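A single chain, nothing else alongside it, follows as structure tokens in the form predicted alone.
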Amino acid sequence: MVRAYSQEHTYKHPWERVTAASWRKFADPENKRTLSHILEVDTLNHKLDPSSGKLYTTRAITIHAPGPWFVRKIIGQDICHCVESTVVNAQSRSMQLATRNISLQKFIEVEEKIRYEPHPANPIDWTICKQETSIRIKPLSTLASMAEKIEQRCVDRFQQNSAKGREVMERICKYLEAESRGISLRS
């Protein structure tokens, strides 16, 4: 069985600020406590396509393995490796992120897609974030009867982490806003 959910969030900040915050959210030491499930983030490659103006980036993300503690004990692994692929199109003001796990795939498959675009109601000042996540526990003989409950616990955890991520993004956006005001005051 697959558990899927989607959520939308409106950032009352311009697209440029929100996407800048997205790049900074894992690097800011102030966010380490809030995003404690993120252990490491490494940029594997980035490429700017001169003909389209699109930026393509791939990052490796190491996290605490999702799910309840007893599942991590059964599978014998506390960490999970993921790959995040990002495409930024500055012309259309779109940023798309797709993240999926590359380890623990014989137990769990997680795919998350996030899209940042100008909000249709206020495209200059607001940004809409659309997130879609699917989680699939692959039943093991010892866990077959519990797979559905485990999937739901994973969904709950991912939703909690998403809320933490939005909190971090808001904090960075406010910091970037203050920073830009400070720069403009000196002009």
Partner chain sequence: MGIMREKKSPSSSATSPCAHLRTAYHNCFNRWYAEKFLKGEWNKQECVSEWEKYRECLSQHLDDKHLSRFLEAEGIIDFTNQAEYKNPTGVSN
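Numbering follows the first chain given and starts at 1. Only a predicted model underlies this, so the values are computations on that prediction, with no experimental measurement involved.
Omitted from view is the form predicted together with its partner chain, to which the following refers.
Within 4.5 Å of its partner chain in the predicted bound form, a heavy atom is found for none of S134, R157 and A163. Heavy atoms of R24 reach within 4.5 Å of its partner chain in the predicted bound form, making it an interface residue. The closest heavy atom approach of H64 to its partner chain in the predicted bound form falls within 4.5 Å. Under a 4.5 angstroms non-hydrogen atom cutoff, its partner chain in the predicted bound form lacks P123 among its neighbouring residues. The shortest heavy atom separation between E109 and its partner chain in the predicted bound form exceeds 4.5 Å.
In the predicted bound form, the residues of 3 to 20 lying within 4.5 Å of its partner chain by at least one heavy atom are, in order, W15, E16, T19, A20.
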